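First, one chain by itself in structure tokens, the form predicted alone.
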């Protein structure tokens, strides 16, 4: 074998078929060797007593996305991908969102302009369909699918994004024709509007009431409806950011019937509860925890863990959707104090996703290290058409790796994070197990708290179709 560029030696490697002490040889950005031989390389890294895992693939992040009048996302591509790298991720998939009335193709082109030259890690795009016109359904979406945009998201809520049932079915039909995968945000729009008005009429406007306006039953109903639509058209779908037992039971029902329904959950549903939205005393501090669906209660957390443990969930994403508690001029979020309905929906989390699941799952013996890798890297890569280049340690795969210290203890603090938000909802959470190094295609880009490159090494990834 020709001399390798790098060997990572003596680490406990979670590869496709086994977890054992192995040496990983890297040549020209790819994994060229896996074994126990002592080979020569230009660079040698000793990973004794450490895990070597595939780089994290975060399949659900929102970056520099239109968010409504006077509201600006806290992360551009530079800060979001830098934050992702520091958290052990080597690939993220944000959303090119169609603005109503605009060409979907133009929205994709504009999103690429934002990303070009600003990527610390590799990146691909999902699409968001908000305006399924005949032009979009008949021409733009099929053409973009053939160009490698093989997944898209639809919403069952939000004024500027919601699709009615007829539109959902029409979009699902195009997905069937193009073999693309549909992600569904399942919350019932009309019920949320009704409950929101009722709460506001009663003077209940604090951030806490965001959760009361979007109860689990609203998520359950929409999840069942989305599954029914998918069954009518006969397509696979992904129900994203599942928050508790009500929606989870609908997904289990579908799986038991043999329907191809995939499920995703997120850190907020195993770490936060609706009580966080109360803030210090039903005050505006609760706005730091506003996301949709919102965090639930302790019983819901246990339900989510049951789905993580038994395999109901294929994906564990961050749903990173970063805003600032103060706006760019140091003021409160525009208009948000008047009612929970105006608080931007979303919390930051791309940098803390992997450490939280490692600590709460692997370190606390809820899940194995193999299940951790499956949820956070291999399954996302398979589901969104990047496997085996991404999501796995095997010969020929990209040398996207993270080296973990399973015993390193840290406390999550805003001051140490790299995202653009001015807070983290996980402030003060104690973590056991943290990524020490992140390697992107054979190059160490993050090392023990320091970025080891100032160059943007990330590339845009064209994707194939779901292989799960």
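Everything quoted here is computed from the prediction, not taken from an experiment. Numbering follows the first chain given and starts at 1.
The following text describes the form predicted together with a small molecule, which does not appear among the structures shown.
- Of the residues given (178, 359, 245, 292), 292 alone sits with a heavy atom within 4.5 Å of the small molecule in the predicted bound form.
- In summary, among the residues 339, 196, 78, 345, the only one with a non-hydrogen atom within 4.5 Å of the small molecule in the predicted bound form is 345.
- Highlighted residues 126, 152 and 382: none comes within 4.5 Å of the small molecule in the predicted bound form, counting any heavy atom.
- At the 4.5 Å threshold, heavy atoms of residue 158 reach the small molecule in the predicted bound form.
- Using a 4.5 angstroms threshold between heavy atoms, residue 27 stays clear of the small molecule in the predicted bound form.
- Remark: residue 419 does not count among the residues lining the small molecule in the predicted bound form, judged by a heavy atom distance of 4.5 Å or less.
- Of the heavy atoms in residue 241, some are within 4.5 Å of the small molecule in the predicted bound form.
- Across the options 439-447, 60-68, 426-434, 34-42, residues that bring heavy atoms within 4.5 Å of the small molecule in the predicted bound form belong to 60-68.
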